[in-house]
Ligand SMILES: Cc1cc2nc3c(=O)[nH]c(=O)nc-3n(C[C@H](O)[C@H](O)[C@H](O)COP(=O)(O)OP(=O)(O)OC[C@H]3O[C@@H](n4cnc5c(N)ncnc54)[C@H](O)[C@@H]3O)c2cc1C
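Okay, so here's just one chain, in structure tokens, the form predicted alone.
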């Protein structure tokens, strides 16, 4: 695949442009916020910006459809978005590279393939799940994030399991929306695939099930998991995996052939370390503190959005909904700085209450809004319409 190459030398501006006015903008990470910002930034060159998107893979797996892919409801190609194609269409340079460090003082992002200079930088690098402190058989443990790693390791494990054609003990750790949907997806896979006949699915969580949702939604999820054949274990804090067992802090162990972790996701360590070296404020979980304008606290030329950022004064749950909504604000503000309009920055004020649609992977879903919730085929059709419409918008 042809892609743009980012090197230490500054790019030459187009003919007739004032090179002093062109600002090199690095968009690091192919997350949902940057995805939403790309359409806004398509006019970046006329605003004095040279936007460049850098991500480790040209394919973005849309998180809202990951469970349906695992369950076999959707083809992989139906769930992915081609970042390189979108960049070409939006007149934004595309670079395939994995960033490992940022020197905010000298405005250089260091990647595995090259070093990338910038005048402005925006970070939307998502989060990753810690595999635990006692992992001795790492091949059995998959973090649900980052998605690029999960895709490769899941496909490798599934292919091997299909060849073995025996019962497997499948364990999901994490009682949030992601963990619940993955448990539903695994249960659907076990029902559908003869090679997994007799397999078991267990969901283990330290906190109560779906802690950010109302009692009605939690009750629907709990009952639905039982109907799907998923065993629920609550009050267990995962610490690691040894041999064929997942280990928990109280000394309990659960036998498992595969452990999928959907809890404890934090921004990548290289980002937190780079921010601390620059003197930026970082939350205990490693996220960059940003203002409502999504600018990193203490920085004039750095922005962050999505899972790797925490807006000061806004206690918002991590959600793809918020990341997408932040994207338009992010794009607007980057264009404003490109024009030198410091006073024209917009603010993002998210609402804690958002629509949640949990795929039960059996042709039905759970819909939750505040204290209201219902389950059924209509909720699944609603979710499928939203997901397919979203992905189609980037084709």
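Predicted, not measured: the structure shown is a model, and the values here were computed from it. Positions refer to the first chain, counted from 1.
Missing here is the form predicted in complex with the named molecule; even so, the following discussion is about that form.
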- Is residue 383 close to the named molecule in the predicted complex, meaning a heavy atom pair under 4.5 Å apart or at it? yes
- Contact flag, residue 78 vs the named molecule in the predicted complex, heavy atom cut 4.5 Å: no
- Task: With heavy atoms only and a cut-off of 4.5 Å, decide whether residue 97 touches the named molecule in the predicted complex.
- Result: yes
- Can you check whether residue 182 is within 4.5 Å of the named molecule in the predicted complex, heavy atom basis? yes
- So in the predicted complex, are 30, 178 and 307 all sitting within 4.5 Å of the named molecule, heavy atoms only? yes
- Which one, 64-72, 360-368, 339-347, 41-49, holds residues whose non-hydrogen atoms are within 4.5 Å of the named molecule in the predicted complex? 64-72
- Consider the chain as shown here, without its partner, and state which of 144, 302, 288, 171 has a heavy atom within 4.5 Å of the named molecule in the predicted complex. 144
- Taking heavy atoms and a 4.5 Å limit, what residues of 237-259 are near the named molecule in the predicted complex? none
